[in-house]
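Coming up is one lone chain in structure tokens, specifically the form predicted alone.
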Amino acid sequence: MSKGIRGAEGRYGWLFVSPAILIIGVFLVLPIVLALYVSLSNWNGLGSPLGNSDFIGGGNYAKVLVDTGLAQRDFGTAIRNNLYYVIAVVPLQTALALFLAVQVNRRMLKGRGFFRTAFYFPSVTSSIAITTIFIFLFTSSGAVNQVIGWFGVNGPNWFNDPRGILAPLTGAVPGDGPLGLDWAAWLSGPSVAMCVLIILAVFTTSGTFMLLFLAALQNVSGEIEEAASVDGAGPFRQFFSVTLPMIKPTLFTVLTLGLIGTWQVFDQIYLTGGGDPGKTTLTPAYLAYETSFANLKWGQGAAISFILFAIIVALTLLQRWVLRDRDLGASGVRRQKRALERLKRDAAAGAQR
């Protein structure tokens, strides 16, 4: 019986993709499986984890999530710090990137190439170099402290204040919160040092997301925008009712990349003292590194990494659910179709004129 003209395509297909599958399996899948085993063992980093460790099940996860102690408090502090970092950075960088993209997309703007390059330049500069410059700016003899010194602020002390910026308002909140911290600590807000890192993150990442928004804006048909103007829509109504819904996939991409990047922040924390002042800039990514490499608790460090992975996946799915296309119902679909047909008619009439 003949196999047909496509009979051998399956075998040749697997033959062609086998190098990629082999590389992904050896350098991605196997390390993840091994890291998962390490998170379930008491390996101390010496020798092979398969022969120099004991399987302890969920003990490492319980250490940071359930058992009362320093490990749980450090993990709770890292989650609290990173949560404030995410809440501040993701909306700010997204809004700033979208604003910059709209501005540099204007046809009447002169020197658009210069502004696009200028806004994007911080994103291609080494994060190590930019973080070092920020450290110099905020040292006791730095330019920022020199300026605020004119207003009577004690420069060397204000930056090293380990309290959150909302601590004066939440210091009297009673009760113990999750992960070994009380509610006053959870609600105290980011420290001054973390606020500086938030500004640094927004400054260095907005340029990259600006390019994504710019590419999406350039794919929006000018005829649709012109039709919306003919229908009497002002600039703000046109942007929020026409332009923004059309770039919704790009908005989801930017929010997802921003969410993942903010939960994985590490290099800025490493350069600014590993969580100083008073662990107010400690993050889960840095805590996993410190637990593994400094304290030689590789199982616990791997457990923190997998918990962080679960947090990122859960928040990404939540974000996808929030930004999903909701069912408009029959009447809503009819209204949307009529509006789209009206826009098309107006666009065609404008083209004929």
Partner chain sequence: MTTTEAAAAVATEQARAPRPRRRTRTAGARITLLVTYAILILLAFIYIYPFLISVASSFKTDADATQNPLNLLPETWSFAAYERLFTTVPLLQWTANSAFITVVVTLCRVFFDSLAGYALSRLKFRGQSVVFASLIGVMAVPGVVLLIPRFLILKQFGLYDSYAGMIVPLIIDAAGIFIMKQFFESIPVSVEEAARIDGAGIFRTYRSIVLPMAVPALITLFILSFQGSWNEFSHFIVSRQSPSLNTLTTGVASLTSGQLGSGNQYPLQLAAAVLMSIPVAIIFFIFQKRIMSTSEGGEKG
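In this text the structure is predicted, and so the values were computed from the model without any measurement. Residue numbers count along the first chain shown, from 1.
Only in words, not in the display: the form predicted together with its partner chain, which the text now covers.
Peer 1: Indicate whether the candidate residues S53, W186 and M246 are all in contact with its partner chain in the predicted complex, with contact defined as any heavy atom within 4.5 Å.
Peer 2: No, none of S53, W186 and M246 comes within 4.5 Å of its partner chain in the predicted complex.
Peer 1: Please identify the residue among L166, V173, V147, A95 with any heavy atom within 4.5 Å of its partner chain in the predicted complex.
Peer 2: It is V147 that has a heavy atom within 4.5 Å of the partner.
Peer 1: Any of the heavy atoms of N81 lying within 4.5 Å of its partner chain in the predicted complex?
Peer 2: No.
Peer 1: My question is simply whether S241 lines the interface with its partner chain in the predicted complex - judged by any non-hydrogen atom within 4.5 Å.
Peer 2: Contact with its partner chain, no.
Peer 1: Within a 4.5 Å heavy atom cut-off, is R237 in contact with its partner chain in the predicted complex?
Peer 2: Judged by the heavy-atom cut-off of 4.5 Å, R237 is well away from its partner chain in the predicted complex.
Peer 1: Taking 4.5 angstroms as the cut-off for heavy atoms, does G58 touch its partner chain in the predicted complex?
Peer 2: Output for G58 is no: heavy atoms all beyond 4.5 Å of its partner chain.
Peer 1: Please determine, with the chain shown alone, which of 175 to 183, 262 to 270, 188 to 196, 67 to 75 has non-hydrogen atoms within 4.5 Å of its partner chain in the predicted complex.
Peer 2: Correct option: 262 to 270.
Peer 1: Listed by sequence position, which residues of 46 to 71 have a non-hydrogen atom within 4.5 angstroms of its partner chain in the predicted complex?
Peer 2: Result: S48, P49, L50.
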